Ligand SMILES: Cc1ncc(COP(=O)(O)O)c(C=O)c1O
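Below, in structure tokens: the form predicted on its own, a single chain.
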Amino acid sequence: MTDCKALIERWVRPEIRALNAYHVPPADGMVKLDAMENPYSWPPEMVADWQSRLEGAALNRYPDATAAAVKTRLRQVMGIADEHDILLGNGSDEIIQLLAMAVAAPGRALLAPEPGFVMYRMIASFVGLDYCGVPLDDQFDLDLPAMLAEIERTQPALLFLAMPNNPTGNLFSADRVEAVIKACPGLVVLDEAYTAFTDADHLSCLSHPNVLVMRTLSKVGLAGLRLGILIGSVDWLHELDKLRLPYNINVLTQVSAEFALDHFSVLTEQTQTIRREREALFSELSSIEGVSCWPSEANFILLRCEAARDVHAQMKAAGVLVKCLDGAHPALADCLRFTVGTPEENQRMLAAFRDALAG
């Protein structure tokens, strides 16, 4: 009988075998500041109201296939015009995969600036698209000549621009984004996962026929729900909806999301608090000798220090988990990414960081 390894080598595509699964490190008992989560819980009275709402969820029935009530509240909360359609995914990752599946064909490419969100590259491999990463400039902005040259060379079917960018935290220059949109022959997706932490809004870019805007509720405090949002023309979303698996947004997610959107002011207050804490944390980090950090429009801060891997390991040993990016991309050598937590968590993180730097 042929063993499993031989079967895998025969039938699993080489590019899949070459990948590593997306790794999420365990964080039990630690100050968890590695995944850009909202550190704040809901007020007790809000939790009680939510639990009461859940009691009415019909778990024996399939959920609303279109999640119509959730979409209605999203329009109201996010100011989405009636002329634009909404598609929901089981997290933004599912939406990225739907987009890639829709345009995948032999010889076609997915393009994204780097360093950027790792799932763009991984999902390109999943669906058989050629992945083209274009390095950002030394300010982590779009290298426009390089981007335009790569667009001309590869004629990408799909191009992602994260606004703000992960892991750098910055917004790309508006004029460069506009030039890329106009030059790209395929679909351009503006990934606004961190829109709650910046004043920038790119819904106006939907005036371009090749632009869609992607958002999520994960960063505002609903990471456990896994609800991604794609906004754009009815024509584009009609085609993408053909690839969406039936009932992909389960009934508990729909009920919980609708409830949270009814109380969105609570989440907005929390994100405003995180923005204030981000500025305080940036000020403290910037004052530490030997540390370079970049201004952020997201809920995290990217920094560079000597021996980042050792610093990361020492912080972890002290019970504080941040993200080590050293080795992920040449531009991220000796870089760490700190998610903004509560004031108490931020102080613990700073103390652990200073101790690790001191050796």
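Quick note: we count residues from 1 along the sequence shown, nothing fancier. Source: prediction; values computed, not measured.
One more form of this protein should be noted, the form predicted in complex with this ligand, which is absent from this view; the next part is about it.
When contacts are judged by a 4.5 Å heavy atom cut-off, residue 115 does not count as touching this ligand in the model of the complex. This ligand is not drawn, but in the model of the complex it has a heavy atom within 4.5 Å of residue 218. Though the partner is left out of this view, residue 93 does reach within 4.5 Å of this ligand in the model of the complex, counting heavy atoms only. Contact annotation for residue 270: none of its heavy atoms lies within 4.5 Å of this ligand in the model of the complex. A heavy atom within 4.5 Å of this ligand in the model of the complex is found for exactly one of 332, 308, 291, 36: 36. With the partner removed from view, the residue among 110, 213, 193, 123 that has a non-hydrogen atom within 4.5 Å of this ligand in the model of the complex turns out to be 193. At a distance of at most 4.5 angstroms from this ligand in the model of the complex, none of the three residues 73, 233 and 237 contributes a non-hydrogen atom.
Just one listed stretch, out of 133-141, 256-264, 159-167, 195-203, contacts this ligand in the model of the complex at the 4.5 Å heavy atom level, and that stretch is 159-167.
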